[in-house]
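Shown below, as structure tokens, is a lone chain in the form predicted alone; questions about how it binds or moves come after it.
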């Protein structure tokens, strides 16, 4: 008997056909990948398999039970990790685990053996609120909560989005160890290294299955989607030597009590440069970015952004920068046009200029027909492109991008980076954090933070040559594994 059987499933939301005649099966104990672009229907399918949505047509069975008629039986046999961590951030680590154990009609004591290997890594933080954990620790806790009742099938809907490469690697090593317990795993992911860890994958596109097979076969057959050609970019490092610095940081420190989140960092970034600011979760990247954008004050040291002092002129800084976070700086209950107009007004642009530039932007993004659509209805990749375009609508000196492409497929990420290159060519400085190491290769220069310090800085080629490693993924992993401070 198969662990999962999907037979001719279709699902619509109004005029949108989310899934159309989808069929496949998953064997017991198999690691099965569900991959595809944003808006392909992956999350809809996950929710139906987990009995959270009903199909319009077709049937699904999980562990031999029908998802419509036998919901209760299925829910006792599955674990589910959605893309956004399924944790209660105002509860502690221990309280989250107790809550999920109770939800499944068991206790932490009864299910402890199921999670012992993973939970032992975070148990010393059992009294810390989940919202205060790093991305890697949230991952481990969410996985414990999904496994506490000893499920036979585990559903993972992009569980590693926003998590650094080392933590991702550790999670997948843990997942693959679950095969020894014959647990079936169905996972979606935008990371190609994770796709390759699956025994088989199904490629879902526009609600239809376009191919099923081994990861090597599917990635090669559809390489235009999963491995688009790199972006050719003429280096302009030599021309930048005489240009002014847009960001200057000297001996910057941010301490929380005795803990130095940012520990004496110094660097500069030139106008029009694409500067990658990398580091594992908890390395200090976000804290440093908050100081540079005027959201937080340094404990000591100096910094200037667009010519303004980060200590005393943070309000002026805010008017000369753009900012885009991983959670997107858009109002989902407003339309595309309303979002553009709102942020343009916040940036102090006059109405006539707003109207002219808005029409230009809609044409450039090919959003003319969607200008009156609510942002909440847009695919993830569209939201990202719109959020970035809005963040530079007022032509700032520098734009800060905090993991802007998290959870997005390779083809859409490539389109996003074309927008970045276009902005840099217009003289806008790009300060970007990312956990995709292929994106690190796109940057003019990269810094890598470890334990609150900058462990290395230089062009991608310089860093690869310095550490004699083949790519930025190996460079990052090598440096990140040298971290000495543990979670505080």
Partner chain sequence: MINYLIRKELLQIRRNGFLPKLVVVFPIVIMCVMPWVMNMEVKNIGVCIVDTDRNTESQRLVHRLEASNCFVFKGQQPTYEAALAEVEHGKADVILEIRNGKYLIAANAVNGTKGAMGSAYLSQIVATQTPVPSAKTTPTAETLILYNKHQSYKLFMIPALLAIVMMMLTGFLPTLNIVGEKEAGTIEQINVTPVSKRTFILAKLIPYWGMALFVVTVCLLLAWGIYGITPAGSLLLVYILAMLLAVFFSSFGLVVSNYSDTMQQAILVMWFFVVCIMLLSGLFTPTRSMPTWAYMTTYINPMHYFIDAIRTVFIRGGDFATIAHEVYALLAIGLLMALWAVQSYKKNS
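Worth saying up front: this structure is predicted, and the values here are computed from it rather than measured. Positions refer to the first chain, counted from 1. So that the term is clear: the rigid core is the largest set of C-alpha atoms that superpose within 1.5 Å between two forms.
From this point on, the text means the form predicted in complex with the partner chain, which you will not see here.
This chain lacks the partner; the member of 134, 214, 302, 296 within 4.5 angstroms of the partner chain in the model of the complex by a non-hydrogen atom is 296. Out of the listed residues 197, 210, 221, 319, 319 is the one that sits within 4.5 Å of the partner chain in the model of the complex by at least one heavy atom. Annotated contact segment (heavy atom within 4.5 Å of the partner chain in the model of the complex): 348-356, selected among 160-168, 276-284, 348-356, 187-195.
Contact with the partner chain in the model of the complex, defined as a heavy atom within 4.5 Å, is made by all three of 315, 334 and 342. For residue 338, a non-hydrogen atom is located within 4.5 Å of the partner chain in the model of the complex, even though that partner is not displayed. Residue contact check for residue 330: one or more of its heavy atoms lie within 4.5 Å of the partner chain in the model of the complex.
In the model of the complex, the partner chain lies farther than 4.5 Å from every heavy atom of residue 153.
Looking at residue 261, you'd find every heavy atom of it more than 4.5 angstroms from the partner chain in the model of the complex. Core-superposed comparison between the shown form and the other one: CA of residue 212 displaced by less than 2 Å. Residue displacement note: residue 349 has its CA displaced by at least 2 Å between the shown form and the other one (rigid core superposed).
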